[in-house]
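Listed next as structure tokens is one chain, alone, in the form predicted on its own.
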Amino acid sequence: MKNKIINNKIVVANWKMRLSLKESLILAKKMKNKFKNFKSGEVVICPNFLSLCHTKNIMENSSINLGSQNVFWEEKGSYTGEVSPGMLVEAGCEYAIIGHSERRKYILENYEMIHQKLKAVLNNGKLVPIVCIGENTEERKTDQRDFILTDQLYQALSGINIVGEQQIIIAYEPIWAIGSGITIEPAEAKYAHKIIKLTLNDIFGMQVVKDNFRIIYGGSINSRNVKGFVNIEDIDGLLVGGASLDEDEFYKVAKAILK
């Protein structure tokens, strides 16, 4: 794994299951060309599993890093359809998304599973985990957000041992905003990120959080609304969905937040 700088801001493109293998490779080539002179922060793209190795080959001699949309909690075994941290490293990944809200909703992935996946990634030592948390519409309406975020963090992170320069990225993605076109108000995002940082401080202590954690935002971010998130304290980057499927749009988002 490349030497990461914890103070760097980061933008992560999650292509989800939106693109075929052919479409993924076409977009990867466009991304490489678009970002060829881009020197600020870190840029990560997360294509589907089938596209990882091919995308890694395309991204040779590029500043763009590769990430996975998911990972399993064991390295080997009788786990049909799963992909281990070691396999992802072998495919060229440096990051792995864990517990995305769509997996929590559609695959019924819970925070016990997320906790096990996080441990596996940290034990592997060559991937940076991107752990997703966030409240749904009902939880927001009933003013449960603070409790939900704190509870999710404790379930995912309690008992985790961070060694040396290991990194963990926390992605706050309010479920009600994902793919909806509705973006959280920057002031509300700032407050949520403050709650997350305070909770992390309670679990690990301020110095570990400062040295080993980044907190990023995800939820209907695009070039039209990204400026509202540029200078918000405790927002260290973005997890981008739909806007990452177009190289020009994604470049504008990355340029705004990583300037």
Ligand code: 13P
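Bear in mind that the values here come from a model prediction, so they are computed numbers and not experimental data. The first residue of the sequence shown is number 1, and the count goes up from there.
Below, we refer to the form predicted in complex with 1,3-dihydroxyacetonephosphate (13P), which is not included among the displayed structures.
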Even though the partner isn't displayed, in the predicted complex is E135 close enough to 1,3-dihydroxyacetonephosphate (13P), meaning a heavy atom within 4.5 Å? no
Determine whether any heavy atom of L27 comes within 4.5 Å of a heavy atom of 1,3-dihydroxyacetonephosphate (13P) in the predicted complex, and answer yes or no. no
Does any heavy atom of I221 come within 4.5 Å of a heavy atom of 1,3-dihydroxyacetonephosphate (13P) in the predicted complex? yes
Do A177 and 1,3-dihydroxyacetonephosphate (13P) share at least one heavy atom pair within 4.5 Å in the predicted complex? yes
The stretch from 158 to 166, 98 to 106, 71 to 79, 114 to 122 that lies within 4.5 Å of 1,3-dihydroxyacetonephosphate (13P) in the predicted complex, judged by heavy atoms, is 98 to 106
Between 46 to 63 and 1,3-dihydroxyacetonephosphate (13P) in the predicted complex, list the residues on our side with a heavy atom within 4.5 Å. none
